[in-house]
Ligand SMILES: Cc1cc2nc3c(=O)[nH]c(=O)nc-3n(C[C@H](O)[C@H](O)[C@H](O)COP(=O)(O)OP(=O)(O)OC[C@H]3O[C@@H](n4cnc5c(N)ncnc54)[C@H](O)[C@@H]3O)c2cc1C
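Here we start with a single chain on its own, the form predicted on its own, put down as C-alpha coordinates.
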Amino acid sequence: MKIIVAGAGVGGLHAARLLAEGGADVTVLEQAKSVEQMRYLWHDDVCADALKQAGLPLPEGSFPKKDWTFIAPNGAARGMHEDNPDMSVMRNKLNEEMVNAAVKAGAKVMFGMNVACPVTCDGAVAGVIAGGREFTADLVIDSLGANSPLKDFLPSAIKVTAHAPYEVFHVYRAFYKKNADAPPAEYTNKVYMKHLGEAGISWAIQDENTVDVLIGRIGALPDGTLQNALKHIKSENPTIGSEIVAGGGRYIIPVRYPAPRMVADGYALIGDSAYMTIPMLGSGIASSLAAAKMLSDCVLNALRAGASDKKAASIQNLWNYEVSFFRAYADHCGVDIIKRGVLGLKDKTLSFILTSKVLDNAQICDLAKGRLLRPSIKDLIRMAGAAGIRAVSLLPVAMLIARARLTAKFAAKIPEKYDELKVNKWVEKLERRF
(Lines give C-alpha, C1' and ligand atoms only; values in the text may rest on other atoms or scores of the structure.)
Protein backbone atom coordinates (compact mmCIF):
# COMPACT_ATOMS: atom_id res chain seq x y z
CA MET A 1 0.00 0.00 0.00
CA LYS A 2 1.33 3.43 -0.95
CA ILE A 3 0.90 6.15 1.68
CA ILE A 4 1.76 9.86 1.66
CA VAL A 5 2.08 11.67 4.99
CA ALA A 6 1.73 15.39 4.35
CA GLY A 7 3.64 17.27 7.03
CA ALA A 8 6.06 15.99 9.66
CA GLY A 9 3.87 16.58 12.70
CA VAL A 10 3.99 14.29 15.73
CA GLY A 11 0.98 12.23 14.67
CA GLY A 12 2.07 12.04 11.04
CA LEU A 13 5.61 10.95 11.85
CA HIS A 14 4.49 8.27 14.30
CA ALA A 15 1.90 6.97 11.83
CA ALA A 16 4.61 6.87 9.15
CA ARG A 17 6.84 4.79 11.40
CA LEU A 18 4.11 2.31 12.39
CA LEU A 19 2.76 1.90 8.86
CA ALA A 20 6.27 1.41 7.45
CA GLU A 21 6.95 -1.21 10.11
CA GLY A 22 3.77 -2.93 8.91
CA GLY A 23 5.08 -3.11 5.35
CA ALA A 24 3.47 -0.06 3.74
CA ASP A 25 5.35 2.15 1.26
CA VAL A 26 5.37 5.43 3.19
CA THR A 27 6.69 8.85 2.14
CA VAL A 28 6.65 11.90 4.42
CA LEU A 29 6.63 15.30 2.69
CA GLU A 30 7.81 18.16 4.92
CA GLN A 31 8.11 21.84 4.01
CA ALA A 32 11.16 22.53 6.22
CA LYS A 33 14.50 22.05 4.50
CA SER A 34 15.83 19.81 7.29
CA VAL A 35 14.85 18.41 10.66
CA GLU A 36 16.87 21.23 12.26
CA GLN A 37 14.67 23.82 10.54
CA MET A 38 11.29 22.48 11.67
CA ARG A 39 10.64 25.62 13.76
CA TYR A 40 9.99 23.88 17.09
CA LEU A 41 12.57 25.72 19.21
CA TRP A 42 10.75 25.29 22.52
CA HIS A 43 9.65 22.75 25.08
CA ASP A 44 6.16 21.26 25.41
CA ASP A 45 4.65 19.21 28.19
CA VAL A 46 3.69 15.57 27.72
CA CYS A 47 3.11 12.58 29.97
CA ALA A 48 6.22 10.39 29.95
CA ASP A 49 4.00 7.29 29.63
CA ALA A 50 2.72 8.56 26.26
CA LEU A 51 6.26 8.58 24.90
CA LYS A 52 7.04 5.21 26.45
CA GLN A 53 3.94 3.61 24.92
CA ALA A 54 4.99 5.02 21.54
CA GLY A 55 8.44 3.47 21.91
CA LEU A 56 10.13 6.86 22.13
CA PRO A 57 12.83 7.79 24.64
CA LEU A 58 12.66 10.99 26.64
CA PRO A 59 14.47 13.50 24.41
CA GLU A 60 17.73 14.98 25.58
CA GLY A 61 17.18 17.99 27.84
CA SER A 62 13.75 16.92 29.15
CA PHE A 63 12.81 17.91 32.71
CA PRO A 64 9.78 17.58 35.04
CA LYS A 65 7.29 20.39 34.54
CA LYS A 66 7.27 22.92 37.33
CA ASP A 67 4.06 23.74 39.19
CA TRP A 68 1.97 26.46 37.62
CA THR A 69 0.68 29.56 39.34
CA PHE A 70 -2.52 30.95 37.84
CA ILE A 71 -2.96 34.71 37.77
CA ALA A 72 -6.64 35.65 37.79
CA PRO A 73 -8.00 38.63 35.84
CA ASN A 74 -7.97 40.67 39.09
CA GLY A 75 -4.24 39.97 39.53
CA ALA A 76 -4.57 37.53 42.43
CA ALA A 77 -2.47 34.33 42.35
CA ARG A 78 -3.47 30.70 42.85
CA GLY A 79 -0.86 27.98 42.96
CA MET A 80 -1.15 24.26 42.33
CA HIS A 81 0.99 21.22 43.02
CA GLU A 82 1.20 18.00 40.99
CA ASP A 83 2.64 14.88 42.58
CA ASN A 84 3.30 13.32 39.17
CA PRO A 85 4.00 16.16 36.74
CA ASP A 86 4.33 15.80 32.99
CA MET A 87 7.73 16.09 31.37
CA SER A 88 8.76 19.21 29.49
CA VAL A 89 10.42 17.93 26.31
CA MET A 90 12.42 19.87 23.75
CA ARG A 91 10.38 19.67 20.57
CA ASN A 92 13.36 19.87 18.23
CA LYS A 93 14.94 16.86 19.97
CA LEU A 94 11.61 14.98 19.86
CA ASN A 95 11.30 15.74 16.14
CA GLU A 96 14.78 14.38 15.53
CA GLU A 97 13.97 11.17 17.42
CA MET A 98 10.74 10.71 15.49
CA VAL A 99 12.23 11.38 12.06
CA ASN A 100 15.03 8.90 12.78
CA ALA A 101 12.54 6.28 14.00
CA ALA A 102 10.39 6.68 10.86
CA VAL A 103 13.41 6.38 8.55
CA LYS A 104 14.73 3.36 10.46
CA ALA A 105 11.32 1.70 10.01
CA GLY A 106 11.58 2.17 6.25
CA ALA A 107 9.67 5.40 5.63
CA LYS A 108 11.12 8.00 3.27
CA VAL A 109 11.26 11.56 4.61
CA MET A 110 11.59 14.27 1.96
CA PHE A 111 12.41 17.78 3.20
CA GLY A 112 11.90 21.02 1.28
CA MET A 113 8.58 19.75 -0.10
CA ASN A 114 5.79 22.34 0.18
CA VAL A 115 2.47 20.49 -0.06
CA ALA A 116 0.16 22.73 -2.07
CA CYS A 117 -3.06 20.85 -2.79
CA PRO A 118 -4.64 17.41 -3.05
CA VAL A 119 -5.05 15.24 -6.14
CA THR A 120 -8.52 13.74 -6.36
CA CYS A 121 -10.12 11.11 -8.56
CA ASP A 122 -13.70 9.77 -8.58
CA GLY A 123 -14.57 11.38 -5.25
CA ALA A 124 -11.46 10.16 -3.44
CA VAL A 125 -8.12 11.70 -2.53
CA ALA A 126 -5.49 10.06 -4.73
CA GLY A 127 -2.33 12.03 -3.90
CA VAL A 128 -0.90 15.52 -3.48
CA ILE A 129 0.97 18.19 -5.38
CA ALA A 130 4.18 19.07 -3.52
CA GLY A 131 7.30 20.87 -4.64
CA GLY A 132 5.78 21.23 -8.08
CA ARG A 133 5.48 17.43 -8.43
CA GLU A 134 2.56 15.04 -8.28
CA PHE A 135 2.72 12.24 -5.71
CA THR A 136 0.07 9.54 -6.02
CA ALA A 137 -1.01 7.36 -3.11
CA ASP A 138 -3.69 4.97 -1.92
CA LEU A 139 -3.95 6.98 1.31
CA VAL A 140 -2.99 10.56 2.18
CA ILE A 141 -2.52 11.34 5.87
CA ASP A 142 -2.93 15.07 6.49
CA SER A 143 -0.55 16.24 9.23
CA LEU A 144 -0.26 19.83 8.03
CA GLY A 145 -1.94 21.57 10.96
CA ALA A 146 -5.14 23.52 11.52
CA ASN A 147 -4.79 25.56 8.31
CA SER A 148 -3.94 22.61 6.09
CA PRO A 149 -4.01 23.55 2.37
CA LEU A 150 -5.20 20.03 1.61
CA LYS A 151 -8.45 20.67 3.45
CA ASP A 152 -8.84 24.08 1.83
CA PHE A 153 -8.67 22.69 -1.71
CA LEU A 154 -10.78 19.56 -1.33
CA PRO A 155 -13.84 19.45 -3.62
CA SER A 156 -17.11 20.06 -1.78
CA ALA A 157 -18.17 16.44 -2.28
CA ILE A 158 -15.36 15.31 0.04
CA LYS A 159 -16.51 16.32 3.50
CA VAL A 160 -14.07 16.94 6.32
CA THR A 161 -14.44 19.33 9.25
CA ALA A 162 -13.20 22.91 8.95
CA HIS A 163 -12.79 25.30 11.87
CA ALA A 164 -14.26 28.70 12.63
CA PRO A 165 -11.91 31.66 13.30
CA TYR A 166 -12.69 31.59 17.04
CA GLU A 167 -11.66 27.92 17.29
CA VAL A 168 -7.94 28.54 16.88
CA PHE A 169 -5.40 30.14 19.16
CA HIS A 170 -3.07 32.76 17.66
CA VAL A 171 0.15 32.56 19.62
CA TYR A 172 3.37 34.53 19.94
CA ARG A 173 6.10 32.59 21.72
CA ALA A 174 9.68 33.62 22.42
CA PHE A 175 12.50 32.71 24.77
CA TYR A 176 14.09 35.85 26.22
CA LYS A 177 17.53 35.88 27.77
CA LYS A 178 17.10 36.14 31.51
CA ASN A 179 17.93 39.49 33.08
CA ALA A 180 20.72 38.59 35.49
CA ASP A 181 20.31 41.87 37.40
CA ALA A 182 16.67 41.19 38.31
CA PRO A 183 15.75 39.48 41.60
CA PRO A 184 14.59 35.85 41.32
CA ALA A 185 10.96 35.47 40.32
CA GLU A 186 8.51 34.64 43.11
CA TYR A 187 6.70 32.17 40.85
CA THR A 188 8.47 30.07 38.21
CA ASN A 189 5.48 29.30 35.95
CA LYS A 190 2.95 32.14 35.83
CA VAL A 191 -0.13 31.69 33.65
CA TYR A 192 -2.38 34.73 33.19
CA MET A 193 -6.01 33.71 32.66
CA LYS A 194 -8.01 36.05 30.42
CA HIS A 195 -4.95 38.28 30.43
CA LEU A 196 -5.91 41.97 30.47
CA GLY A 197 -9.55 40.88 30.23
CA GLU A 198 -9.04 39.43 26.73
CA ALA A 199 -10.06 36.02 25.39
CA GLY A 200 -6.88 34.04 25.86
CA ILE A 201 -3.89 33.49 28.12
CA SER A 202 -0.32 34.64 28.53
CA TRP A 203 2.54 33.12 30.48
CA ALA A 204 6.04 33.74 31.78
CA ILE A 205 7.98 30.56 32.58
CA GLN A 206 11.36 30.85 34.26
CA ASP A 207 13.83 28.44 32.69
CA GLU A 208 17.49 28.13 33.69
CA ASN A 209 18.90 30.95 31.58
CA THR A 210 15.82 32.13 29.68
CA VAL A 211 12.22 33.18 30.26
CA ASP A 212 9.64 31.45 28.08
CA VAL A 213 7.00 34.04 27.13
CA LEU A 214 3.73 33.23 25.43
CA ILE A 215 0.93 35.57 24.38
CA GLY A 216 -2.13 33.78 23.00
CA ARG A 217 -5.55 35.04 21.96
CA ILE A 218 -8.58 33.30 20.51
CA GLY A 219 -9.38 34.17 16.89
CA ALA A 220 -6.73 36.84 16.25
CA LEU A 221 -3.67 38.51 17.76
CA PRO A 222 -3.36 42.03 16.34
CA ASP A 223 0.02 43.75 16.71
CA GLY A 224 -1.43 46.28 19.15
CA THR A 225 -2.83 43.55 21.38
CA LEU A 226 0.49 41.68 21.31
CA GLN A 227 2.60 44.72 22.15
CA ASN A 228 0.29 45.77 24.97
CA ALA A 229 0.35 42.26 26.46
CA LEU A 230 4.14 42.02 26.15
CA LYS A 231 4.55 45.38 27.87
CA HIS A 232 2.41 44.21 30.79
CA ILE A 233 4.13 40.81 31.07
CA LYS A 234 7.57 42.42 31.07
CA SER A 235 6.53 44.97 33.69
CA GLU A 236 5.35 42.16 35.97
CA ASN A 237 8.32 39.90 35.28
CA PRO A 238 11.57 41.90 35.40
CA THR A 239 13.54 38.68 34.80
CA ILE A 240 12.60 39.00 31.13
CA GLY A 241 15.57 40.49 29.32
CA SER A 242 15.59 42.34 26.01
CA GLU A 243 17.30 39.70 23.86
CA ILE A 244 15.32 36.91 22.15
CA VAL A 245 17.47 33.78 21.98
CA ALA A 246 14.89 31.42 20.38
CA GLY A 247 11.43 31.57 18.87
CA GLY A 248 9.85 34.96 18.42
CA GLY A 249 7.37 33.79 15.79
CA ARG A 250 3.61 33.47 15.53
CA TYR A 251 1.81 30.15 15.43
CA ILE A 252 -1.74 28.84 15.08
CA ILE A 253 -3.00 26.14 17.44
CA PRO A 254 -6.48 24.59 17.37
CA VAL A 255 -8.42 24.89 20.63
CA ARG A 256 -11.66 23.10 19.81
CA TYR A 257 -13.20 19.66 19.93
CA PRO A 258 -11.92 16.95 17.55
CA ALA A 259 -13.09 16.99 13.94
CA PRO A 260 -16.29 14.93 13.71
CA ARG A 261 -15.39 14.31 10.08
CA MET A 262 -11.71 13.40 10.03
CA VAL A 263 -11.77 10.75 7.27
CA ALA A 264 -12.82 10.40 3.64
CA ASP A 265 -12.00 7.97 0.84
CA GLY A 266 -8.22 7.92 0.58
CA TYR A 267 -7.77 10.61 3.24
CA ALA A 268 -7.32 10.89 7.00
CA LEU A 269 -6.62 13.85 9.26
CA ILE A 270 -4.31 13.55 12.26
CA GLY A 271 -2.89 15.86 14.92
CA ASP A 272 -3.68 19.57 14.61
CA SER A 273 -5.33 18.96 11.22
CA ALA A 274 -7.97 16.94 13.10
CA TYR A 275 -8.01 19.34 16.09
CA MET A 276 -6.63 16.70 18.45
CA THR A 277 -5.27 19.19 20.97
CA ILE A 278 -6.74 19.58 24.45
CA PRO A 279 -9.09 22.57 23.95
CA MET A 280 -8.16 24.20 27.26
CA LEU A 281 -4.41 23.98 26.63
CA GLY A 282 -3.56 23.45 22.98
CA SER A 283 -1.39 20.45 23.89
CA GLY A 284 -1.71 17.53 21.49
CA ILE A 285 1.43 15.35 21.64
CA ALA A 286 -0.08 12.49 23.67
CA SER A 287 -3.36 12.37 21.75
CA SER A 288 -1.59 12.56 18.38
CA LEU A 289 0.71 9.66 19.28
CA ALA A 290 -2.30 7.61 20.35
CA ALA A 291 -4.15 8.55 17.16
CA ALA A 292 -1.21 7.37 15.04
CA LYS A 293 -1.46 3.94 16.65
CA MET A 294 -5.22 3.86 16.05
CA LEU A 295 -4.83 4.85 12.39
CA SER A 296 -2.02 2.41 11.65
CA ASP A 297 -3.92 -0.43 13.36
CA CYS A 298 -7.03 0.41 11.34
CA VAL A 299 -5.17 0.27 8.01
CA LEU A 300 -2.86 -2.65 8.74
CA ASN A 301 -5.57 -4.82 10.30
CA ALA A 302 -7.67 -4.39 7.14
CA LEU A 303 -4.74 -5.35 4.93
CA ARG A 304 -3.92 -8.37 7.07
CA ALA A 305 -7.54 -9.47 6.81
CA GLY A 306 -7.19 -9.54 3.01
CA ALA A 307 -8.66 -6.13 2.11
CA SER A 308 -7.38 -4.43 -1.04
CA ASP A 309 -5.39 -1.21 -0.75
CA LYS A 310 -8.43 0.74 -1.93
CA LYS A 311 -10.69 -0.93 0.62
CA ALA A 312 -8.22 -0.33 3.45
CA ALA A 313 -8.18 3.38 2.52
CA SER A 314 -11.96 3.66 2.13
CA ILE A 315 -14.08 5.83 4.40
CA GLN A 316 -15.87 2.70 5.59
CA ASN A 317 -12.63 1.28 6.96
CA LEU A 318 -11.03 4.57 8.08
CA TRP A 319 -14.16 5.31 10.09
CA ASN A 320 -12.92 2.67 12.55
CA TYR A 321 -9.97 4.99 13.26
CA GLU A 322 -12.30 7.90 14.00
CA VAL A 323 -14.49 5.74 16.23
CA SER A 324 -11.44 4.65 18.24
CA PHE A 325 -10.32 8.24 18.69
CA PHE A 326 -13.70 9.62 19.76
CA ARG A 327 -14.27 6.82 22.23
CA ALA A 328 -10.87 7.49 23.78
CA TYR A 329 -11.02 11.30 23.68
CA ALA A 330 -14.72 12.19 23.89
CA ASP A 331 -13.86 14.22 26.99
CA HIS A 332 -12.12 16.75 24.71
CA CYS A 333 -15.61 17.73 23.55
CA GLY A 334 -16.68 18.40 27.13
CA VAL A 335 -13.48 20.32 27.84
CA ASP A 336 -14.24 22.56 24.86
CA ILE A 337 -17.64 23.36 26.36
CA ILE A 338 -15.92 24.37 29.61
CA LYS A 339 -13.28 26.40 27.76
CA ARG A 340 -15.93 28.37 25.90
CA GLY A 341 -17.86 28.86 29.12
CA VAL A 342 -14.81 30.07 31.05
CA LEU A 343 -14.04 32.63 28.35
CA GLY A 344 -17.61 33.86 28.70
CA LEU A 345 -17.43 34.32 32.49
CA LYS A 346 -17.19 37.79 33.92
CA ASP A 347 -13.69 38.63 35.10
CA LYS A 348 -14.96 39.03 38.66
CA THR A 349 -16.57 35.58 38.66
CA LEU A 350 -13.54 33.86 37.12
CA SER A 351 -11.22 35.56 39.62
CA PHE A 352 -13.37 34.39 42.51
CA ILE A 353 -13.51 30.79 41.30
CA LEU A 354 -9.76 30.63 40.64
CA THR A 355 -8.51 32.23 43.83
CA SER A 356 -11.04 31.06 46.42
CA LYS A 357 -11.21 27.55 47.86
CA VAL A 358 -14.12 26.61 45.60
CA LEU A 359 -11.79 24.46 43.50
CA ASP A 360 -9.42 22.27 45.48
CA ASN A 361 -5.88 21.41 44.37
CA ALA A 362 -6.95 18.21 42.60
CA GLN A 363 -9.56 20.10 40.55
CA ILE A 364 -7.08 22.83 39.68
CA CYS A 365 -4.65 20.11 38.51
CA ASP A 366 -7.41 18.54 36.40
CA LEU A 367 -8.06 21.89 34.71
CA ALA A 368 -4.33 22.39 34.18
CA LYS A 369 -4.13 19.03 32.41
CA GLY A 370 -7.28 19.71 30.37
CA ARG A 371 -9.33 17.02 32.08
CA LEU A 372 -13.11 17.13 32.30
CA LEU A 373 -14.31 17.99 35.80
CA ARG A 374 -16.65 15.40 37.30
CA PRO A 375 -17.49 16.68 40.77
CA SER A 376 -19.37 14.27 43.04
CA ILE A 377 -22.31 15.35 45.22
CA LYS A 378 -19.83 15.60 48.09
CA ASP A 379 -17.60 17.83 45.96
CA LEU A 380 -20.52 20.08 45.06
CA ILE A 381 -21.51 20.46 48.70
CA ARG A 382 -17.92 21.34 49.61
CA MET A 383 -17.71 23.84 46.74
CA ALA A 384 -20.95 25.51 47.81
CA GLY A 385 -19.70 25.71 51.39
CA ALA A 386 -16.42 27.26 50.25
CA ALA A 387 -18.34 29.84 48.19
CA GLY A 388 -20.44 30.89 51.18
CA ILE A 389 -22.79 33.74 50.40
CA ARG A 390 -21.51 33.70 46.81
CA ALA A 391 -22.68 30.12 46.24
CA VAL A 392 -25.33 31.42 43.85
CA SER A 393 -22.53 32.48 41.51
CA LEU A 394 -21.62 28.80 41.12
CA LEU A 395 -24.95 27.92 39.50
CA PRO A 396 -23.79 28.85 35.97
CA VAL A 397 -20.58 26.90 36.58
CA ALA A 398 -22.51 23.83 37.78
CA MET A 399 -24.72 24.03 34.70
CA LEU A 400 -21.64 24.39 32.50
CA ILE A 401 -20.03 21.28 34.00
CA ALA A 402 -23.27 19.30 33.57
CA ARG A 403 -23.54 20.40 29.94
CA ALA A 404 -19.91 19.47 29.32
CA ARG A 405 -20.40 15.97 30.74
CA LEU A 406 -23.51 15.40 28.61
CA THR A 407 -21.64 16.58 25.50
CA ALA A 408 -18.75 14.19 26.18
CA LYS A 409 -21.22 11.35 26.72
CA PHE A 410 -22.93 12.09 23.40
CA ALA A 411 -19.62 12.38 21.53
CA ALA A 412 -18.70 8.87 22.68
CA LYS A 413 -21.90 7.57 21.04
CA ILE A 414 -20.35 7.95 17.59
CA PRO A 415 -21.89 5.46 15.12
CA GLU A 416 -19.89 2.25 15.27
CA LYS A 417 -20.05 1.63 11.52
CA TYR A 418 -19.99 4.17 8.72
CA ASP A 419 -23.51 4.89 7.55
CA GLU A 420 -23.93 8.25 5.82
CA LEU A 421 -27.35 9.02 7.31
CA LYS A 422 -26.39 8.00 10.85
CA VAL A 423 -23.09 9.85 10.64
CA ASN A 424 -24.78 13.02 9.35
CA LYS A 425 -27.26 12.90 12.22
CA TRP A 426 -24.54 12.40 14.83
CA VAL A 427 -22.35 15.19 13.39
CA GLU A 428 -25.24 17.66 13.23
CA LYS A 429 -26.30 16.94 16.82
CA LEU A 430 -22.74 17.19 18.10
CA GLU A 431 -22.02 20.46 16.30
CA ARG A 432 -25.26 22.02 17.61
CA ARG A 433 -23.96 21.58 21.16
CA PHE A 434 -21.25 24.15 20.43
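Since this is a predicted model, take the numbers as computed values, not measurements. Residues carry their position along the shown sequence, with the first being 1.
Quick note: we don't show the form predicted in complex with the ligand, though the next part is all about it.
The putative spot formed by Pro258, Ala313 and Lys417 is not touched by the ligand in the predicted complex; no residue has a non-hydrogen atom within 4.5 angstroms of it. Residues within 4.5 angstroms of the ligand in the predicted complex, judged by any non-hydrogen atom, belong to 279 to 287 and to none of the other stretches in 153 to 161, 279 to 287, 238 to 246, 360 to 368. Although the partner is absent here, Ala291 is not a contact residue: none of its heavy atoms lies within 4.5 angstroms of the ligand in the predicted complex. Taking the partner from the other structure, the ligand in the predicted complex has no heavy atom within 4.5 Å of any heavy atom of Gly106. The ligand is not drawn, but in the predicted complex it has no heavy atom within 4.5 Å of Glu322. Among residues of the shown chain, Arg91 is one whose heavy atoms approach the ligand to within 4.5 Å in the predicted complex. With the partner omitted here, the residue from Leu139, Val335, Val299, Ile270 that has a non-hydrogen atom within 4.5 angstroms of the ligand in the predicted complex is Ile270. Note on the partner interface in the predicted complex: the residue among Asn114, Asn100, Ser308, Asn84 having a heavy atom within 4.5 angstroms of the ligand is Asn114. Contacts between stretch 141 to 179 and the ligand, counted in the predicted complex as any heavy atom lying within 4.5 Å, involve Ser143, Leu144, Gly145, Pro149, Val171, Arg173, listed in sequence order.
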